[in-house]
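Shown here is one chain on its own, the form predicted on its own, set out as structure tokens.
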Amino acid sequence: MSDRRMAVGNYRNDFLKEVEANVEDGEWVKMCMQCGVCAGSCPLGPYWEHPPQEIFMMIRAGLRDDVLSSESMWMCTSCYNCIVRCPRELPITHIMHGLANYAHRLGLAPKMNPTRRFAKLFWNNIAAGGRANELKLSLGLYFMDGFATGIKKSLQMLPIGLGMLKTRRLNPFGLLAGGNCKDRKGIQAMLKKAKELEDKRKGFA
């Protein structure tokens, strides 16, 4: 075997091993038989940059940068159709979310992807108070792209908000009261410790 072929082989093996070590259920990637049932079962199938089976093949081919910088993992809506229909029962949803999280932690995820931005906004909201504060989350979502865009989105949603008020599906006083849990500091300390342990285990520290 030539030096070039040996180098390519090592590169492929290294990235597959990296995924197996750092991505939830990553060891299942090598079990994919490329049937495409996952892509055909996905509600967003036609819009994927790379459907799951293609992502798995790219991992096995060693295309690290192409995989970790892809928009594809952020397309998953957790409908679980792929898992239910996969002939080999691969945990595809878990792998896609795991890849997205790993790419985010490495700083390789697409910065302007709306799903990634919302996920980060939602996590920060939960971590701050121990549970979701709907008012802060909604305001953060509306104004994510700037003040002018936020005002425009708010006006667009005004009829829906008024309708919810009218049918008593929205309590503005409850929103203003906030949603912090009783032991907010304890929750934050637990999350901080969990992150420290995960970083140490995975070599991010």
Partner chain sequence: MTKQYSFYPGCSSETKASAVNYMTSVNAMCKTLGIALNEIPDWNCCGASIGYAEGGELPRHAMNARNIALSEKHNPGQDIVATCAACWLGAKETQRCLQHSRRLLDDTKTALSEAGLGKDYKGEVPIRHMVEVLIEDIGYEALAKPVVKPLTDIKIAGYVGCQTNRPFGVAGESFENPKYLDKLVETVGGEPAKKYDQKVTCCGGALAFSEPEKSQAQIRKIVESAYDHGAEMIVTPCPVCQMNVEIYQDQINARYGTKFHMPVTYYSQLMTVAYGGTAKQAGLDGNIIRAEKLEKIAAKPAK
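Model, not experiment: these values are computed from the prediction. Positions refer to the first chain, counted from 1.
Beyond what is shown, the protein has a form predicted in complex with the partner chain; the following relates to that form.
When the partner chain is considered in the predicted bound form, residue 108 lies well away from it, no heavy atom lying within 4.5 Å. At the 4.5 Å threshold, heavy atoms of residue 193 reach the partner chain in the predicted bound form.
Looking at residue 170, you'd find a heavy atom of it within 4.5 angstroms of the partner chain in the predicted bound form.
In the predicted bound form, the partner chain sits within 4.5 Å of a heavy atom belonging to residue 164. For the stretch 84-108, the set of residues having any non-hydrogen atom within 4.5 angstroms of the partner chain in the predicted bound form comprises 84, 85, 94, 97, 100, 101, 104, in sequence order.
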